[in-house]
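In structure tokens, one chain follows: the form predicted on its own.
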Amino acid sequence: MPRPDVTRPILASVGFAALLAFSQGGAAQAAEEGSPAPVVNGAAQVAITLTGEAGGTCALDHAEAKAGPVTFTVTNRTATAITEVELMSGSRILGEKENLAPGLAPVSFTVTLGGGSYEVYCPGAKVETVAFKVNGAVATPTGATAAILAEGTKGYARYVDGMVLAMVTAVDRLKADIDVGDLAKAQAAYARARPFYERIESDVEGFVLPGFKPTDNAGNLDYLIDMRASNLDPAVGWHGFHAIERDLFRDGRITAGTRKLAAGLQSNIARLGKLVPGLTYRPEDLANGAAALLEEVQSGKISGEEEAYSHIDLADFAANVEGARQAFAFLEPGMKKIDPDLTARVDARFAAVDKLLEGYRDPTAIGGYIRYTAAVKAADAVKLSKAIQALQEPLSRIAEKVATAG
């Protein structure tokens, strides 16, 4: 989800990459100068440790690595002011981890990096940017497994394109129902349109429109499509799905303002439909994107923050899980050759989450699931969270494995 000071346009070769304005100052803290990160199982290993309260520190154990796959493992020991870490190239986000509460188990992401200068950005740290250097050039994988994985990324790109086309159609229907003033049909159409974005959000969030600065939410396509109340930018105001959700479900009425919001959403979804085709992905992008979708479940759906007015959070939850499953499915043929045991574990954990979600289905309800009210949240949030955590653990190990496959 967008934040008031962040924009997220995509980078063609990195499925979930984005733009962010940030301070350029700061040097590497507690990193071994001139000591390249050790390579384990084909990937350079870099540890990032977060410590301290207000004005905490963001320390790397190595400030440089050899070109190729690099795994960043993030541990938040005691930093209450730092909740996310992003790997930057200029103004592009190449990889990130969010919701880094102190004391949680370490989390990691793997990216393939060519020679050059990068920064690790830790918003809230005393020194927010940490310099990171990569030496050499990336070797192109040529083995049979790499070829299978590469074919999977092409299939996944077609899947993303299909979801965007379906979302264009669904939003056209939503606008038509709003234009004629049919509240019940518009509410149902809203619930049918939402899952398309939730299945692929980690891949398509945050293009910056021409003529806007990277820091301007008025030109941040993810903000304009999927802003929610918790990260409303007062200077830009309400836009997109959740502005329409507010009118349809909280206020229970369709006004001239609602029709204007629907027209804006339709226009921005159409823009997205023109921008997404032709994007390419690395295998680790699929794995990192799947992990990001599960993080979306933990941060927005289980908390009930995402659909504050419609309460169709469980439909969004299911869509995030489905999107993650699809990303994994396109990697699975290669993963069966790399690590069949891990592949079977991930399959089993997906099946467990699916079985859990089945218990919340209601074909008569908007979105196809029971409404995620305060009572449901109080009773079941912990159970839902634990099921996602059990899936996140094995899924988090896939990015490094596919990035280093030959």
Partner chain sequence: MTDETNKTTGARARLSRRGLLIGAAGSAAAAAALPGAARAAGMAPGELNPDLSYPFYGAAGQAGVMTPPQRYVFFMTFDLTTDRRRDLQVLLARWSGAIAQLMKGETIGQVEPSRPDAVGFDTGEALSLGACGLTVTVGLGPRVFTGTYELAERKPALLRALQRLPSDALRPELTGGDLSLQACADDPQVAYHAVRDLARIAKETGAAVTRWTVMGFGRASAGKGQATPRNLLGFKDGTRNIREAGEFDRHVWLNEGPAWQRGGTFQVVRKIQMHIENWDTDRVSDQNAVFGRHKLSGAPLTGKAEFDTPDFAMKKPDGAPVIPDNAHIRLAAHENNGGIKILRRSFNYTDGINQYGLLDAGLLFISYQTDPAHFEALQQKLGAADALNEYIAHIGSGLFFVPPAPREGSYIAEGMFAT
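Note that this is a predicted model, so its numbers are computed, not measured. We call the rigid core the largest set of C-alpha positions that still match within 1.5 Å between the two forms. Numbering follows the first chain given and starts at 1.
The form predicted in complex with its partner chain is left out here; the points below concern that form.
Highlighted residues S35, V46 and F72: none comes within 4.5 Å of its partner chain in the predicted complex, counting any heavy atom. Per the 4.5 Å heavy atom criterion, its partner chain in the predicted complex is contacted by stretch 82-90, the sole one of 143-151, 82-90, 108-116, 300-308. Proximity to its partner chain in the predicted complex, defined as a heavy atom within 4.5 Å, holds among D233, D172, E322, E128 only for E128. Put simply, of R349, R371, K337, K66 only one has a heavy atom within 4.5 Å of its partner chain in the predicted complex, and it is R349. Although the partner is absent here, L100 sits close enough that one of its heavy atoms falls within 4.5 Å of its partner chain in the predicted complex.
When contacts are judged by a 4.5 Å heavy atom cut-off, N288 counts as touching its partner chain in the predicted complex.
In the predicted complex, at least one heavy atom of Y121 sits within 4.5 Å of its partner chain.
Among heavy atoms of L104, some come within 4.5 Å of its partner chain in the predicted complex. Taking a 4.5 Å heavy atom cutoff to its partner chain in the predicted complex, the contacting residues in 381-406 are K386, Q389, A390, E393, P394, S396, R397, A399, E400, A403, T404. For I254, the Cα coordinates differ by under 2 angstroms between this form and the one not shown after the core has been superposed. After superposing the rigid core, the C-alpha of Q187 moves by less than 2 Å between this form and the one not shown.
R77: CA moves 2 Å or more between this form and the one not shown after rigid-core fitting. Contraction of the K97-P333 CA spacing by 3 Å or more is recorded in the predicted complex, set against this form.
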